[in-house]
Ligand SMILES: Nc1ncnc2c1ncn2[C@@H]1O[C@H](COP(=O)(O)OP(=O)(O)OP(=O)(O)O)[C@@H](O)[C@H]1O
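A single chain comes next, written as structure tokens; it is the form predicted on its own.
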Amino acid sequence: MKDLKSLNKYLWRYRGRLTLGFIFVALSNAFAVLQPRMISQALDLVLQDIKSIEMAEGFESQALISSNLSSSLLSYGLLVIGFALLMGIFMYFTRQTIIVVSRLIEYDLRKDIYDHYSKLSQNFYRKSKIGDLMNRIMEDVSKVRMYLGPAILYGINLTTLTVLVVSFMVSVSSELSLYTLIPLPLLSVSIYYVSSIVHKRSTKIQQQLSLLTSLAQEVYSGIRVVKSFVKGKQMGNYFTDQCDDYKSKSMELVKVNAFFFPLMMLIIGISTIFVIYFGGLQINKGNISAGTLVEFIIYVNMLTWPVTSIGWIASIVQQAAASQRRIDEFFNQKPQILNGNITDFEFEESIEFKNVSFVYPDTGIKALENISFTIKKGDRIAIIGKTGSGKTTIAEIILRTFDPSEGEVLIDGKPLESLDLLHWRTLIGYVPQDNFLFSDTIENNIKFGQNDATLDEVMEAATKASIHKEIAELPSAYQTAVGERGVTLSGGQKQRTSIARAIIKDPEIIILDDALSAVDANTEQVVTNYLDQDLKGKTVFNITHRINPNSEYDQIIILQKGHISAIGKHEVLYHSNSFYKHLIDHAALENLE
């Protein structure tokens, strides 16, 4: 149960409803255990009155005794029916409290997991599989919900019913109660042994299910690659092998449960035999009545389902414990990017990289080393270099998806770490390399940058990104669904849609990370001209491995293996840096073509 302690705060949150649930369970069981007592008394009355009727045969009192017996049986029958109705009513209230609380906690837990996911740093997502994340927030939470609802409900039901039944049994005949409860120690040992097995096997099952979810997510996301390399059969066979592994692990758990439930029934059956045998002896001695024996038999059968459910409850608890441990593994992950406490600020002067170095923690690759430069507000900056030179890392440090391993970044002289992270990111429009689009309409993808934007504003942003005409020619225009990750659009269309999404935000700083690599030179020139006009006064970072010779930049930073090999304006670099001269000459030839 130690793995489930983290759920206590949720149970405490709904303590009022849970307390009512406990009371309703107790009342429901109280009316349940009164029914056998009524039946016992009715049976004894019948047996007694039958003897009286036989003895009064031929006398006028015989009819009176028969009439009293009928009215007494009717009274007992009505009492039993009334108790049954009250038992059902309170059981309904029980489900409306405890089961509803379990659903509320399920909602709270999923929300808390989602909120925690959103706070975790990029490093966490670089080493975690999406399928595993999804499985923990869905399947694992569902397992935990079964503990919070049915397991707690039936656990309380079992406890209260057992206490009440045993109390009633002892009050009637302590000796017969002792014989009835003899098999229970065997039950306790069985539960302890089986629960440990269930816990271990449940953990393995959840781990394998996470692997299956991750594998399916990767295959479906990369289905074009799988088909183009004709690997469908190979991936299918691998998925089948993993499914078979999941099936075998699940069957191992099923076998344990299949053994446990008959064992519970056997123990209950033994108790019933003990009651009948020893109860018969007690009747023969005159210590108890026949009605009392029937009462005990009913009590034992009343315990059949609750006691049998011990195995089911134990299985649920162990599965929930395994799932909650997996959930807590992620809750124990702390965000590496901590929020600053300066909330009232605007970007007014400059961005300064001061002796910044960065090493990716998951790979140990040193992406930047001792980088220093200053960008004034309103400057247009080009950051160029070969693949792996550290260009994207600079963008991620500005966005604070990563913090520098060494050195610092200053915003208007203040450390970037001291600024409120959400407010800082609202000042930035970012067009990433992967151009991620949501499985939604083109309009909603562009409006992601500004939720309250009108359709006219969306169209204006698309025009500036040179994508409006192509969108207008689509059958549903801006209402066209782009599919998962924008799969229905070309690479160039996705890039320009991402640019429109950044433009509509009207940010103070815009970062274009290789944002036009998938378009031809002419389209690039059109987009660049729009950006040159529309982004005047904005601070622009254009991160690219090629550069448009017609664009004007206040500074051009050339990176080479994580170092700044040169920095300056176009005229100076063209005559002093061979790498930059080669890029410009090559771009000029492309434009001529």
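When you see a residue number, it is the position in the sequence shown, counting from 1. Please read all numbers here as calculations on a predicted model, not as lab measurements.
This next part talks about the form predicted together with the named molecule, which is not shown.
The closest heavy atom approach of G388 to the named molecule in the model of the complex falls within 4.5 Å. Shown alone here, A367 lies within 4.5 Å of the named molecule in the model of the complex, counting heavy atoms only.
Contact check for T363: a heavy atom falls within 4.5 Å of the named molecule in the model of the complex. Of the heavy atoms in Q433, some are within 4.5 Å of the named molecule in the model of the complex.
This chain appears without its partner; in the model of the complex, the one residue of K414, R126, K334, R110 with a heavy atom within 4.5 Å of the named molecule is R126. This chain lacks the partner; the member of T392, Q242, S309, T203 within 4.5 angstroms of the named molecule in the model of the complex by a non-hydrogen atom is T392. Segments offered: 354 to 362, 112 to 120, 315 to 323, 232 to 240. Contacting the named molecule in the model of the complex at heavy atom distances within 4.5 Å is 354 to 362.
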